[in-house]
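In the form predicted alone, a lone chain appears below as structure tokens.
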């Protein structure tokens, strides 16, 4: 197994760092799956136990100027690693002014992603800074657990309002309740609601638009609301860490079961699954 990559463009490096930082806010440990064309960051908690799931896909050609890898075998040309995104994020943040950044899978006291960069100095002597981020190699017999999640058979799919707006609403609601009901319909309407013995609060959004998923919604009443009751902390965690700055953000709702959030940027897609609570 071999992997090495090089990022020269500063904008690509900054964008890559923002994506890793977003992931670090969502999970302490993630699976990094490397293929010849893509990098995937995966979190796969057991939904039956109330766990969230995440699938983030990056096209390597949009970030890396050089990208070379050899997987486990020619047929299974992939590498799966367990990594702490926060360690990766910290290393990248210290190298933001680098002329070029290199990432390589190495074997030191343990397997590592070694990140090194030439940093500018006042003198003509260049300064090379290196970070070793420990990783665990995931054996091939466990790879089946880290495949792309299936698109849920949703009842409603809707574009989201600006994420900062939702975050401001959710932050205020969290002071009043531990749970929030998210509901939406195929007429571009979405509501965020909390209800306790003392207070009932609803924030309404309208004219959001609904993604064109072919004929998915043609059999459904456009005004009928689908809803899911969520642990407000899990939604807040997603909104707080968001640095992807998506061009499109949407939500798929499976009634009383699941909220599937999708952030799309030109070269990044991030999916986040939050199971409903009773």
Partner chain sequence: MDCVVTGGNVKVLAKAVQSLSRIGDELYVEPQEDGLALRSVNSSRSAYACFLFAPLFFSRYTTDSGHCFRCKMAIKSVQAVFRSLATLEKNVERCHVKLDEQKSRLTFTLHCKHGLLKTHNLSFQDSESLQAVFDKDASANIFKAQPRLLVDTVVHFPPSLEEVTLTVSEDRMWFKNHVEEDAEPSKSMLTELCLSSDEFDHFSVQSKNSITFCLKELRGLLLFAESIGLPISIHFDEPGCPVVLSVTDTVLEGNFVLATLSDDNNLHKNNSSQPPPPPPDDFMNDDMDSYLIAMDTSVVPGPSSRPEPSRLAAENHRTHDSDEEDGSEHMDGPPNKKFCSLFFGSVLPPPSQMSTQPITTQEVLASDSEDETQLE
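These numbers come from a predicted model, not from an experiment. Residue numbers count along the first chain shown, from 1.
The next section is about a form of this same protein that is not shown, the form predicted in complex with the partner chain.
Remark: residue 195 does not count among the residues lining the partner chain in the predicted complex, judged by a heavy atom distance of 4.5 Å or less. Remark: residue 95 counts among the residues lining the partner chain in the predicted complex, judged by a heavy atom distance of 4.5 Å or less. In the predicted complex, at least one heavy atom of residue 134 sits within 4.5 Å of the partner chain. At a distance threshold of 4.5 angstroms between non-hydrogen atoms, residue 161 is out of contact with the partner chain in the predicted complex. Residues 28, 248 and 253 are none of them found to lie within 4.5 Å of the partner chain in the predicted complex, as judged by heavy atom distances. Checking 184-192, 150-158, 126-134, 171-179 against the partner chain in the predicted complex, the stretch whose residues place heavy atoms within 4.5 Å of it is 126-134. Comment: the partner chain is not present in this chain, but in the predicted complex one of 73, 121, 165, 200 has a heavy atom within 4.5 Å of it, namely 121.
Looking at 88-112, the residues that come within 4.5 Å of the partner chain in the predicted complex, counting any heavy atom, are 90, 91, 94, 95, 102, 104, 105, 106, 107, 108, 109, 110, 111.
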